[in-house]
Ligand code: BGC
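Have a look below at one chain only, the form predicted alone, in structure tokens format.
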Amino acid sequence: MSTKRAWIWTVAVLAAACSLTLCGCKKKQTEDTGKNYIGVAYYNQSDTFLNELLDCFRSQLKDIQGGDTETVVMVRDAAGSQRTQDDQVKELIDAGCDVLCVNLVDRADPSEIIDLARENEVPIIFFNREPVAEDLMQWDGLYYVGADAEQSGYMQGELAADMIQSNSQADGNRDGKIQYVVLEGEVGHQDAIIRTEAVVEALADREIELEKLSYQIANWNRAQAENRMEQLIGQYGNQIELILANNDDMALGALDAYEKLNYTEAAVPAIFGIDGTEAGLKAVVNARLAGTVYNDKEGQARAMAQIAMALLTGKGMEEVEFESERCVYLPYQKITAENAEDFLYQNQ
């Protein structure tokens, strides 16, 4: 072998050895820091409920973990792009995360994330957006924490029915029917579809005669809901007697539209939301929203923290109350002006 070729070979071997050493050092550094790393990937940082849920999750981790270990939570926002979220999950795994918590952009497209996690033996706790059952069963390192979307929609319908049956002014035009609009979360989103179907079913079960004026997609977003409602108010005016929103942000957006157009409080129809966010609860307390349905973010955060710490420590999984093997579902609760303040201040 020539001197030049021998030199090139030696450099190549040394480079490979250094690369392996650096990889080993990176892994060793994450092991030797005395810290646990949890990666959180969620669909969009504009979602008020999810931000409140993540705050609860951080708080629950501090309560559950021991004093000897620090848990670092690394959060990534996919801004509504599944492709971006796939890349972010890879980034979180490469950064040394021991457990992932994933709020999917597209619940029907988790394959790449699952494959990455399984190849690297990093378990995933899916939350808020439930993967298809077949996907969740692909690997025993996959979990889900959330709630029953049908229950939330049905409870919203029951709240609306209670209001209609106790308020003679609910049917403003006295035609024996309630003219309503729905502000729906996303096109094709499972929870949005189920909530919309369930709320109408609940009203029908209570023998409320309904007339649908419009369904509008507002993508769980307050500003989009305001825009949609401005258009609907321009089209239907005082014909609208009831507004059913798939979440509190959109319910508040509907209220914003009426306030922007200078409607008096008495002229605003009954508006109902879902989630029980801080802003939503305050609006119910102040009688600006007629009601909402509480999505137990504290309970969900606690379950996520319990599962995450059990995966990190190998202890405590038996304390988690699972349904359907590796799933945790927290019940919803109805919120009216009578109990909204209790929920608003229960964790303050």
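This one's a predicted model, so the numbers in the text were calculated from it and none came from an experiment. Throughout, we count residues from 1 along the sequence that is shown.
Beyond the structure shown, there is the form predicted in complex with the ligand, which is absent from this document and is the topic of what follows.
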query	finding
Heavy atom within 4.5 Å of the ligand in the model of the complex - the one residue of 76, 228, 189, 222 that qualifies	189
Heavy atom within 4.5 Å of the ligand in the model of the complex - residue from 311, 61, 290, 50	50
Contact at 156, 294 and 339 by the ligand in the model of the complex, all three, heavy atom at most 4.5 Å	no
4.5 Å heavy atom contact, residue 43 to the ligand in the model of the complex	yes
Interface membership of residue 128, the ligand in the model of the complex, 4.5 Å heavy atom rule	yes
In the model of the complex, segment of 262-270, 207-215, 190-198, 169-177 with a heavy atom within 4.5 Å of the ligand	190-198
Stretch 140-178: residues contacting the ligand in the model of the complex, 4.5 Å heavy atom cut-off	none
